[in-house]
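Heads up, the chain below is alone and in the form predicted on its own; it's given as structure tokens.
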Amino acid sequence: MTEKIISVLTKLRQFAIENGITATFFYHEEDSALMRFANSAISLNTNEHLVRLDITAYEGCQRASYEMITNLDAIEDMQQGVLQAGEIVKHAQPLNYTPTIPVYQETFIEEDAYDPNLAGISNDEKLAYFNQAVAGLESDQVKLGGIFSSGRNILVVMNTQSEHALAHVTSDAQITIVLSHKTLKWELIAEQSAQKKDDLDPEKIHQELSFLLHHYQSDQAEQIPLGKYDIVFGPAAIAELVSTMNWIGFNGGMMKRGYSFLSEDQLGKRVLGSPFTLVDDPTQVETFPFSQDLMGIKREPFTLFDQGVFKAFTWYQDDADEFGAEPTGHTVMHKSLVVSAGETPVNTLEELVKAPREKDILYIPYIHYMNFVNPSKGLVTGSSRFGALLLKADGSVVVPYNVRLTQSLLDIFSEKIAWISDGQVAYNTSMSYGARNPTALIVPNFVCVKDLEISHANSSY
């Protein structure tokens, strides 16, 4: 398939050259399928095949794009798109820098993260997965909801400066299963990310949901007092916090624009806790990695924080052009972020609940509607949801109503980190809107942080 795409883009490239247009071509093709559950029944089962072509024309410091929904056989429509972009760029506002157009040295096709068995998984197999994951857990009051999203993704880029192309092919699945109580209105969640079909493990989901369901049906629910707690974050919460750091932390362009809580004079200094190490590691296939970025730069593991020491900003090519920086191989649709594991052998919720503790511990698996409060301070806010537990010092368990955290990432990942699990998991952060862009982080199963303040506690679910 990629060969045919490259052939079509080669024709477009030649057409642009013949018409005196300098251009880049960004081709995106997806086969996406979604099975959705609500009220213990399939509420939506759909699939789509989409081809997007983004044509960007350049004239010195001017740049303009024209995007179209198309198909591989519509070569004349694509050629008209080239002419449209060539006309629009003449009227574009000049930039204060000259954008770089890469010159690829060879054609590079990356398919390491593609599994045709996952890309073509059947509806019967998805339904069987859900049935196994929630077997015996539903009732008149406890209802099933969730999604099974899966598909194939193809990216191909080419330009008029080089006859070569870059291609990136992936398969992915994102599963979210929710059990909700009709009357009490609590919700429990379990999730799974898959890059290949063998990654699917409905039994693991069943164990997680079954354990949570037992506590939510058996333990007392209450509004917990405001104040400081030792908090154990689950993989979803950790991934959301690190994803936020990706935008308002080590992004060089955001730093230059004043939206980062990190500065250039902090490079080489310990700004986070010594247990915290974060690497952009394109060797991790579970993250749907780019081993070359869209500028043709080979990507190697890139350390962002080493035991709390801030090592480097990341630079998209366009930001590097604007601010006179050196690009770091991060002109990609997503990074491959990996938070290093720790040394504590606690990797399941059951192990966490059974572990001895000297004080109360608040377990927050998921942060709901997290958003920025003050990016330059790293201040974010969000509420707990989907299965939080208060693990009492006496060994008992309380189900807390939702609480709100408003904290700085500098505080959360500071020396307040008490311990980190010695096991990791791939957590899928793919968005459901726009072009398919399978994204996952590898994070520890748990991170325990001491003395974080709860700013608000709900009086009910």
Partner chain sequence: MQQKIKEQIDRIRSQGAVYVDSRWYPNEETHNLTMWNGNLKNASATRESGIGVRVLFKGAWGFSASSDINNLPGLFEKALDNARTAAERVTFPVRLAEKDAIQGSFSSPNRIDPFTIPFDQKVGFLKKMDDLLNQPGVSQRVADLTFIRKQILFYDSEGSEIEKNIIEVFPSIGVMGVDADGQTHRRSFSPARLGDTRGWETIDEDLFTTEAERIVRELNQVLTADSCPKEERSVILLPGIMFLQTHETIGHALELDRILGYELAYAGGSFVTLEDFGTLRYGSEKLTARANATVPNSPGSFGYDDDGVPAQDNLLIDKGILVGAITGRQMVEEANATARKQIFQGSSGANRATSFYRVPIERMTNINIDPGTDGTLEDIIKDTEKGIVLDGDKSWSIGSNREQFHFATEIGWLVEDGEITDVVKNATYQGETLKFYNALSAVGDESTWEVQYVDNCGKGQPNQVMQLGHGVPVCRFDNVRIGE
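Remember, it's a predicted structure, so these values are computed and weren't measured experimentally. Residue numbers count along the first chain shown, from 1.
Just so you know, the form predicted in complex with its partner chain exists too; it's not on screen, but the next bit is about it.
- Contact annotation for L50: at least one heavy atom lies within 4.5 Å of its partner chain in the model of the complex.
- Under a 4.5 angstroms non-hydrogen atom cutoff, its partner chain in the model of the complex has Q93 among its neighbouring residues.
- Among heavy atoms of N45, some come within 4.5 Å of its partner chain in the model of the complex.
- Proximity of E67 to its partner chain in the model of the complex falls within the 4.5 Å heavy atom cutoff.
- Remark: of stretches 105-113, 228-236, 125-133, 155-163, the one touching its partner chain in the model of the complex is 125-133 (heavy atom within 4.5 Å).
- A heavy atom within 4.5 Å of its partner chain in the model of the complex is found for exactly one of N347, S340, T381, S210: T381.
- Checking N71, N117, T303, S274 against its partner chain in the model of the complex, a heavy atom within 4.5 Å turns up for just one residue: N71.
- Each of S40, Y259 and Y461 comes within 4.5 Å of its partner chain in the model of the complex, counting any heavy atom.
- The partner is not shown here, but in the model of the complex the stretch 175-202 reaches within 4.5 angstroms of its partner chain through a heavy atom at T176, V178, S180, K185, E187.
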